[in-house]
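Single chain ahead, by itself, as structure tokens, in the form predicted alone.
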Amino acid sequence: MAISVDTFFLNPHFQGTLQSQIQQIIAEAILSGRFRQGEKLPSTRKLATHLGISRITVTLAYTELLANDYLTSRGRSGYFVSENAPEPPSFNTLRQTEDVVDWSRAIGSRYTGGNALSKPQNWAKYKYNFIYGQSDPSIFDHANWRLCALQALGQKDFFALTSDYYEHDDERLVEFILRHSLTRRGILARPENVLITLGAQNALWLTAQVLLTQRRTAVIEDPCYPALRDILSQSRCHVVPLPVDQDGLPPDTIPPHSDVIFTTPSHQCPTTATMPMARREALLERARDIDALIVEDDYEFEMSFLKSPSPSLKSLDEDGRVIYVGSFSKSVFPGLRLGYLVGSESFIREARALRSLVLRHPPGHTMRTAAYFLGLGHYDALIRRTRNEFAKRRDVMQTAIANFGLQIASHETHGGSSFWMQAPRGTDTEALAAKLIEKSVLIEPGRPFFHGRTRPREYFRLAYSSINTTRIPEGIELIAQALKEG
């Protein structure tokens, strides 16, 4: 039986080449049982004409499926579904089961209902996208990243790609972190002091699990990164939120019974405040006095384009009490999900053992691709390009904010990629965000960043990491209009 050409159609939203889409259409049809063994496919010419594409594209797709034994060729008769093609599962013996489990009792720990920020998956389609932390394709060096990914797929890196690292990490990536990333922050470390993680959030989770118990107390900034608060709530430790000011976390407010202090000194999340040198020293002294540990989340230190970045807490630490969290997810692209922990060898040993129980190790190909991208100088070029572009966007946004009468809640003096804003008293920025979506404007309400039941609703965050400079003034004007309308 011949398969009708009318069963083929192209998806305009498919992420990939035409060749890969045709391969996927046929493979999925075989795996689902729609195309059966021995059935004849349309000729390459007929299918190409039907889809309005090049015949060579169809031929290449058929050839790839032939090599994978999904198809077979019979001389001049054409292409057929191979007798060796995977057979679809038989569902005749399966029946719909009734779920009689009482999941309200069966679930021992709940992880839903937290403070995670919600961002539309199709954020890039919005005209005025002020969402934080997303990559801009006009800035990212896709060509060199692709070349590094191909290089990491080469025969020379076969074992880096395919091996089970057990508890270990990619040596090239660790070497770059030791020789370049950490030295720029004034940190000297050995390989035994570094652990690769799946981003900063994974690093914070590992740290909380290793250091905190139900009897220990963690200090967090208020407002803070919402996921950190959720992580700490799952550890069941005592959490003490401390309000931040224009200089970040005030050391003199830290209670004496604190065990672990979480802070973002380079760019406080989300206010963007940078902790001055005197306060950094005071924070270290306070931690020393009460024998507490400090977890320094040093995200976005690369984006200090207004002034040189301040020394990291870890570089000032003489007691080994600071655990440093770094990440490439903000500086390269968020989907990379690569970060690292730096700390005393005893701590890293435990964090490494815990990581191996949960995810073994980050993917080898991802680590080696990142190592090439960093080591070949592409990363530094990307950072320079990003800083220059962010500086332009910041100037345009700051001018637009002033022109349209909006209020900046915290003035960052080093750079970053966002503004922390304050709407008029009584404004519900969650309702404002919902209203602005209708005008193709995306903002981030500030309520999830705060701790407690009565959280402020008038704050919001505006990022300029992925919005075109020419669209910033018009987007700010729409926000100002929505605020006036109430």
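In this text, the rigid core denotes the largest set of C-alpha atoms whose superposition between the two forms falls within 1.5 Å. None of these values were measured; they are calculated from a predicted model. We number the residues from 1 along the sequence you see.
Keep in mind that the form predicted together with another copy of the chain is not shown, yet the notes after this line are about it.
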Using a 4.5 Å heavy atom cut-off, indicate which stretch of 190 to 198, 247 to 255, 261 to 269, 396 to 404 touches another copy of the chain in the model of the complex.
-> 190 to 198
Assert contact residue (another copy of the chain, in the model of the complex, non-hydrogen atom within 4.5 Å, options 224, 231, 303, 177) equals 231
Of the residues 392, 127, 411, 168, which one places a heavy atom within 4.5 Å of another copy of the chain in the model of the complex?
-> 168
Would residue 99 count as touching another copy of the chain in the model of the complex under a 4.5 Å heavy atom rule?
-> yes
Give a yes or no for residue 76: in the model of the complex, does one of its heavy atoms lie within 4.5 Å of a heavy atom belonging to another copy of the chain?
-> no
Please run the contact check for residue 106 against another copy of the chain in the model of the complex: heavy atoms, 4.5 angstroms, yes or no?
-> yes
Might residue 72 be said to contact another copy of the chain in the model of the complex, defining contact as any heavy atom within 4.5 Å?
-> no
Three residues, 219, 427 and 451; all within 4.5 Å of another copy of the chain in the model of the complex via heavy atoms?
-> no
Quick one: which residues from 145 to 162 get a non-hydrogen atom within 4.5 Å of another copy of the chain in the model of the complex?
-> 145, 146, 149, 150, 151, 153, 154, 155, 156, 157, 158, 159, 161, 162
Superpose on the rigid core, then tell me if the C-alpha of residue 423 is displaced by 2 angstroms or more between this form and the one not shown.
-> no
Superposing on the rigid core, do we see a C-alpha displacement of 2 Å or more at residue 469 between this form and the one not shown?
-> no
